[in-house]
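One chain comes next, on its own, written out as structure tokens in the form predicted on its own.
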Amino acid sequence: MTRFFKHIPLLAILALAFALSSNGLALAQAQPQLISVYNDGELPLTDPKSPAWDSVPVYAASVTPQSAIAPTLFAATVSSVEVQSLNNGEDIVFRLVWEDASQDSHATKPDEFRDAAALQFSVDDLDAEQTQKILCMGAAGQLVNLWHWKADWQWDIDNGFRDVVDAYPNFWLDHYPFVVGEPPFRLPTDFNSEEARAYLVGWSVGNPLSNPARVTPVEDLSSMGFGTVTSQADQGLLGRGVWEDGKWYVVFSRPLVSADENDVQFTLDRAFSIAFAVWDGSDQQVGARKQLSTWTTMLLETEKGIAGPTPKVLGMPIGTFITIAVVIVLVVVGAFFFMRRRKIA
């Protein structure tokens, strides 16, 4: 009997393995494709060319033409995007780098299209099957958070708002009520009162596309499916894009945790589903005409190592499950030998 009890730990392990296999479960987590590297200190929140990026691992995300819904993109002009991420326990920043032969930073005329890029996050924890269903702009009841950088917004911030008079030099309007200055009037400086802005309806009602006084080139959006993209009331994103030597370098940044329930929350107890998209203005890409990636798994790194969700089995943390399984096996084996010894006696 003593010899048999020596094998109880092995029996416990075998019992656990059987329980896992019978339920189609595994102990190993899916390996993350992207790690947000921990960096104790200030982050390059608005600097895509900072030397801090030189030592950060690069994840190459393949992107393909969007073909699920019209208007579709028939041929890709961008094939991949280099993705990096840093966090310091308080803020997180992502950098996207991709090749683009032309800098398309204007969308004032009807035939002008801007370059752009976006990150998409699943707000809720979803399994692989669910995330594939909401790859493009989410789905009913399944919210996604979008971070959308726009090259024309970047131009407006860096160089001053590009107005109609810049796109059409011969445009002339000699009078606006309540406007200061002399014609041709300029936005936003000559429209510095509520009375003057009332004649610019988009700006007056808060349309972010009409705002000539932007402070960030990145828009914070929410979506639950095609045609539901909504600009959030709280715009807490920062970022910056730089075009250099035929490449765009763009950063997106935000505190890890926000007060907005529509935002993705970068907590340490979960893995994150993230996808990427880019638009090439010279190819007249806009809206659904874009290149996009599949979902990528991302985890946060802390000063103590890689954080992530605790693996669960049958809804329980795996440590709890193992403990219960071992105890059950020991109790069953102990009861068996107790009954056998009593029978012999």
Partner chain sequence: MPKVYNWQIGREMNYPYEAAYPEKQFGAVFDINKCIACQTCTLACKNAWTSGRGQEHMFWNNVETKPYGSYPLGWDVRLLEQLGGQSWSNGVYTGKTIFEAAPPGRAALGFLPEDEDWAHPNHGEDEVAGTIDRGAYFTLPHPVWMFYLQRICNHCSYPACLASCPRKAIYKREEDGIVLIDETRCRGYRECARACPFKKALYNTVTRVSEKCIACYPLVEQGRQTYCTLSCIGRIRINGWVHFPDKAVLDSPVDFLVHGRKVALPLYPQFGLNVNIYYIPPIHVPQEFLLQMFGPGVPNAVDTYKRVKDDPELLGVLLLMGATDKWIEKFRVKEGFAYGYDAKGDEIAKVPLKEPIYIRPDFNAATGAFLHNTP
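Rigid core: the largest C-alpha set superposing within 1.5 Å between the two forms. What you are looking at is a predicted structure, and each value in this text was computed from that prediction instead of being measured. Residue numbers count along the first chain shown, from 1.
The form predicted together with its partner chain exists for this protein as well; it is not shown, and the discussion that follows is about that form.
Partner contacts here mean any heavy atom within 4.5 Å of its partner chain in the predicted bound form, and among 200 to 208, 268 to 276, 241 to 249, 91 to 99 they occur only in 200 to 208. For the candidate set T77, T108, N262, T189, a heavy atom within 4.5 Å of its partner chain in the predicted bound form is found for exactly one residue, namely T108.
Its partner chain is not shown here, but in the predicted bound form it comes within 4.5 Å of a heavy atom of R289. In the predicted bound form, its partner chain lies farther than 4.5 Å from every heavy atom of A140. Its partner chain is not shown here, and in the predicted bound form it never comes within 4.5 Å of any heavy atom of R254. Under a 4.5 angstroms non-hydrogen atom cutoff, its partner chain in the predicted bound form lacks V215 among its neighbouring residues. Residues from 210 to 248 that approach its partner chain in the predicted bound form with a non-hydrogen atom closer than or equal to 4.5 Å are S210, R214, E219, L221, G227, T228, V229, in the order they occur in the chain. Comparing the forms between this form and the one not shown, the C-alpha position of R254 differs by less than 2 angstroms, with the core used for superposition.
Relative to the superposed core, A198 shifts its CA atom by 2 Å or more between this form and the one not shown. Shown in the overlay between this form and the one not shown, fitted on the rigid core, is a CA shift at P169 of 2 Å or greater.
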